[in-house]
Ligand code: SAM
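In structure tokens, one chain follows: the form predicted alone.
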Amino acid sequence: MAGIAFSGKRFLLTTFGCQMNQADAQRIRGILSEIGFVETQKETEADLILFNTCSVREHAEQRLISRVQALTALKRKRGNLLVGIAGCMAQNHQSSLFSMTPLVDLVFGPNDLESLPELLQNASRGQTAGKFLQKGSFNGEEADGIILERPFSAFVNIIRGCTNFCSYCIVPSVRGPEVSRPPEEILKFVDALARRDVVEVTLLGQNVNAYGRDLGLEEGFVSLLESLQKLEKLRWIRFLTSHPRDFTFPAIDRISRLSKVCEQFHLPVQAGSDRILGLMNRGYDRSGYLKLVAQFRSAIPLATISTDIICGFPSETETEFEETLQLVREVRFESAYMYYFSPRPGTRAAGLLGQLPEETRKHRLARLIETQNQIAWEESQKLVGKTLEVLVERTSDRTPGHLLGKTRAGRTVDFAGQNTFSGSIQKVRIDRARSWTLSGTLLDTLPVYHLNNPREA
């Protein structure tokens, strides 16, 4: 590009938050590589330090500000060092970040990635660089324009934004309304990835099963999965995150017939009380959620269910919290992301009456975690002695000569093996189990496909 040259410059990228931010990080790496940057893992080597941020919880924003402030001495020592903030926090606070964090040279939202070269040029000239375009847009991202953290696994954004307006969530204000990526563009993109030896893709969105609704497509998400199933070189398909309200029983039945769709389903329940679910504006009740889980487990016997839960929501009584604990015991989630309620400015829940003391919220969270951890451990023990498919991801940092991989259900597995297996699917017998991670023995060294999988294409 014309102007200031970046050839040989080094960048350090730190990504916070959800998998959609991880997908954006793939594109950021690709853009920076195109204009000459090389990635480093050391702050002291970097000419550009870029934070790809989350704004869902206030704690994440506070952590980011602390990280930026910690660069003060390095910034003084290296006057040409550029510091940037991208992502949802950037979109949420926009130009005010320059006053909140004076060290920052450039700020841009999650849908302004293509402007990064221009922003870097401006920042290099000492100009304040910031850009915040319409939320939820797609920009024709090409598979050859991204750099994958693992060359065999890719995140693919299929829908941006959200129109659910859960009372505690700031995402609709930051990401905007739902906008689906055209199906033909997704198919072309994923096919190109598969031809680059990408084994698995994870389809992403704030609400993936709403995919295609804005395009006038009926059951557009399931139709997309069925189209991706036909890509010869693709092996595994995952997706995050689903909204329980938007899954239909016929959709689950169609998914059950797709052998490449992994049996890992994230269904955020958030609470077990109908009154609290109403205050949250979730759009379903306890009974409906339990029926949905039962349908998944009936149609897909190997299904593992994970969830998100918020405890200590405004005005939540002890009895209502016990309803959440009982739902957790009834469903027996394999894993859960658990939080106590933290009010976010700009959300309806922040102004609700009956805000609970932090001590109460923390105590309930501790009880919730204790309950779920015991269930997760018990569910893991059921896998001991079984042989599972494992996608080998990397070498173990803790145990020399061991590899780490993940099952179709998303569980991490540790086992002895050669580094050359990275990116292949292997058979591993599970010998020991903890709450979520497993240890096992590699049974052979030949890639396998859909071992003992009762589902057919």
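Numbers follow the displayed sequence, beginning with 1. Just so it is clear, the structure is predicted and the values come from calculations on it, not from any experiment.
Note that the form predicted in complex with the ligand isn't included here; everything after this is about it.
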| query | Using a 4.5 Å cut on heavy atoms, which of R57, H402, R29, R429 is close to the ligand in the model of the complex? | reply | R57
| message | Looking at F189, F341, F108, F239 here, can you tell me which has any non-hydrogen atom within 4.5 angstroms of the ligand in the model of the complex? | response | F341
| said: Please tell me whether any heavy atom belonging to P268 falls inside 4.5 Å of a heavy atom of the ligand, as the geometry stands in the model of the complex. | reply: yes
| Can you check whether E226 is within 4.5 Å of the ligand in the model of the complex, heavy atom basis? | no
| said: Under a 4.5 Å heavy atom criterion, is D308 part of the interface with the ligand in the model of the complex? | reply: yes
| message | Taking the ligand as it sits in the model of the complex, is R282 in contact with it (heavy atom to heavy atom, 4.5 Å or less)? | response | yes
| task | Within 4.5 Å of the ligand in the model of the complex, counting heavy atoms only, one of 325-333, 369-377, 285-293, 167-175 shows up; tell me which. | result | 167-175
| Any residue of 176-192 that, in the model of the complex, places a heavy atom within 4.5 Å of the ligand | none
